[in-house]
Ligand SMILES: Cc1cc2nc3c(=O)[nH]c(=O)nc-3n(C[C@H](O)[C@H](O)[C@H](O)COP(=O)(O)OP(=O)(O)OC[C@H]3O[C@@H](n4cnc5c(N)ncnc54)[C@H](O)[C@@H]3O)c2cc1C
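One chain is shown next in structure tokens, namely the form predicted alone.
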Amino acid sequence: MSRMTVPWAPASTTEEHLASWARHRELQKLLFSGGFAGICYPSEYGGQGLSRAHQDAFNDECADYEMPWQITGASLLICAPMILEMGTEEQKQKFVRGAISGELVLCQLLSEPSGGSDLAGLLTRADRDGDTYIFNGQKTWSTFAYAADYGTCLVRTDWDAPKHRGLSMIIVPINDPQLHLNRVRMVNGDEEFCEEFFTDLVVPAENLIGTENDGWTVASRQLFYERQAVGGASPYASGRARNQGFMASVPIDELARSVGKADDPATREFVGWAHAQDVVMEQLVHRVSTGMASGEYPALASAMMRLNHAEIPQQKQDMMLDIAGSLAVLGDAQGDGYLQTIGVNYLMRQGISLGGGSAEMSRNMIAERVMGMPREMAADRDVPFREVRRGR
């Protein structure tokens, strides 16, 4: 029996994944050659130097075209904006221009197995050796790292400083022999995430972003761009992933009609509530983005968009599973896989509240940094990191 192929099914082999990425690189290069890549990026680094309104207009026009949405993720929405803000001129010319042109793909190397949401508690170290750093340690949950050329890696460079003040952000090559990469299979069969092991990886000191031991400042800006991207407010988002990849668009009203529940009162309430939430999310993104741009809101107000983007899509997935019922598993296997999409997306719903920082972290940021409420007690605050007690 041959394997059924449906639109939501993840690529089943490494070769299929890499072929998809090769295609997206090709598309990004086509956009760049045509003057449509990096619309809001400065022209001196390969962009077009235009406004958010220009980017929005382009997104509307290309919504039904094949677009390099995979490359648009961490590479152009998170890493490149951070380097544009915090990097040296040489780093901007190499990495920002490279990302916009499609010559390079960037990823984030942040999370670690022992750290959970405590990013500043990371253990991967980079020891200075003249004009180089020597890396040893492990990262995990690195989205699409297998397809990247370089990663922005947060490491510990001073073990005698408190945990937030002994970190550095350094750009590392992904394909170096001293970096061993494994792909992580998820419950839907996809292998989007990776884990990386550094064993005496040598990286030029010129790849340091900002200053040594001030990596938390750099990471904070990168996390800001991540929350902005996950919350749907990044000015650098080019194109849309309509009907492409995980969480492809499945309108809830079309679902109701397809399963014969368009006239069911409970289903109609679900549909109305989902549309109301979409309006709220769109208006919140606009309001918070405008407030941050004007200075009315602090940068960490982006956590409101991040939290909203976690909870509303989760609620929508719950409602859609209620509407589809058993058809989310037993839908027409000979059709286009539309109904099975509901079941697969439900399996992955929890990831929405984790990627880009957990929903609980967003609530803390909103309470402490936006509303000015007292910070939680931390036993390791201002303690030299090598003296911090850690579980084993």
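Numbers follow the displayed sequence, beginning with 1. Values in this document were obtained by computation on a predicted structure and should not be read as measured data.
Below, we refer to the form predicted in complex with the ligand, which is not included among the displayed structures.
Here is the short version: of 143, 138, 72, 234, the single residue with a heavy atom within 4.5 Å of the ligand in the predicted complex is 143. When you look in the predicted complex, the only residue of 108, 228, 238, 168 with a non-hydrogen atom within 4.5 Å of the ligand is 108. The stretch among 320 to 328, 355 to 363, 28 to 36, 57 to 65 whose residues place heavy atoms within 4.5 Å of the ligand in the predicted complex is 355 to 363. In the predicted complex, the ligand sits within 4.5 Å of a heavy atom of residue 376. Proximity of residue 115 to the ligand in the predicted complex falls within the 4.5 Å heavy atom cutoff. Contact annotation for residue 193: at least one heavy atom lies within 4.5 Å of the ligand in the predicted complex.
Within 4.5 Å of some heavy atom of the ligand in the predicted complex lies at least one heavy atom of residue 351.
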